[in-house]
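Let's start with one chain on its own, the form predicted on its own, as structure tokens.
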């Protein structure tokens, strides 16, 4: 964080601004965002959930719908059995107290390491227009759990689905005020077509993304 702060302070100094952001400056930005009209946006329909499901499935994401968070361990165990994957995973702290052991899943609440194959996370919100998950880093939301494992399982609440990117950023500003250290957008499994124009999954991150919609 000190290196990041040093870089940003040098930029602000070259711009003739104070090293630290003042309240008046933040208020000016907030006022500009509130008054600045949005550009044209595509028509996505009235059903954000249906639009999100359609777009996410089109990106090779898989989705399972649950009635309550208590169903998460059973849903995860069922998903792993279906793919023949070992029931060993890491998760964000908010899911640590669920009955994983009762479903035969070995769960560790921590940031993922290079040898972890399955990561279970929440999501700040989801964007219906593109089928994208918006992830915000923090002490209890380590991004490694969604980036390092081969399989990423994301828990998403239905009410956290917004229509477009503009709505996602507005929600983040409204709830957090100050941006987190990192904001990541996940649109299906990692993929690339750099080699002979052939799409390859899992090139730079998970090659499976599974959403548990609660």
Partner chain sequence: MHFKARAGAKLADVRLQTALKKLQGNFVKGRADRIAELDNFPDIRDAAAAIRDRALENLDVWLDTFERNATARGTVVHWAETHEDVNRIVREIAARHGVRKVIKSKSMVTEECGLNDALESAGLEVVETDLGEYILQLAKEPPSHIVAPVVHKTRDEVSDLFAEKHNAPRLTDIPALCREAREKLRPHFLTAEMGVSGANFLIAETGSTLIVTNEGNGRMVTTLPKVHVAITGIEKVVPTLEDVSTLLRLLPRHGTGQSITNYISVTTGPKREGDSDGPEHFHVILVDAGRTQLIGGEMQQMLRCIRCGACMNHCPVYQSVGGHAYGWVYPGPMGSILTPTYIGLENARDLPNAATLCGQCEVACPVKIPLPELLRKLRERQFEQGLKPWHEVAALRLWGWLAQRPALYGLATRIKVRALKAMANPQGMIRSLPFGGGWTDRRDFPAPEGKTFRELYGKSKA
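Just so you know, these numbers come straight off a predicted model, no measurement behind them. Each form is matched to the other, and the largest set of C-alpha atoms that superpose within 1.5 Å is called the rigid core. Numbering follows the first chain given and starts at 1.
Unshown form predicted in complex with its partner chain; subsequent notes refer to it.
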Testing 68-76, 82-90, 97-105, 135-143 against its partner chain in the predicted complex with a 4.5 Å heavy atom criterion leaves exactly one stretch, namely 135-143
In the predicted complex, is there a heavy atom of its partner chain that lies within 4.5 Å of any heavy atom of residue 42, even though the partner is absent here? yes
Would residue 55 sit within 4.5 Å of its partner chain in the predicted complex, counting heavy atoms only? yes
Do residue 64 and its partner chain come within 4.5 Å of each other in the predicted complex, heavy atoms counted? no
Any chance residue 50 has a heavy atom within 4.5 Å of its partner chain in the predicted complex? no
Within 165-190, the residues that have a heavy atom no more than 4.5 Å from its partner chain in the predicted complex: 165, 166, 169, 173, 178, 179, 180, 181, 182, 183, 184, 185, 186, 187, 188, 189, 190
Rigid core superposition, residue 175 Cα moves 2 angstroms or more between the shown form and the other one: no
Spell out whether the Cα of residue 32 moves at least 2 Å between the shown form and the other one when the two forms are superposed on their rigid core. yes
Given that the shift is 3 Å or more, do the Cα atoms of residue 179 and residue 36 end up closer or farther apart in the predicted complex than in this form? closer
Quick read on residue 167 and residue 33 CA atoms in the predicted complex, 3 Å or more from the shown distance, and they're farther
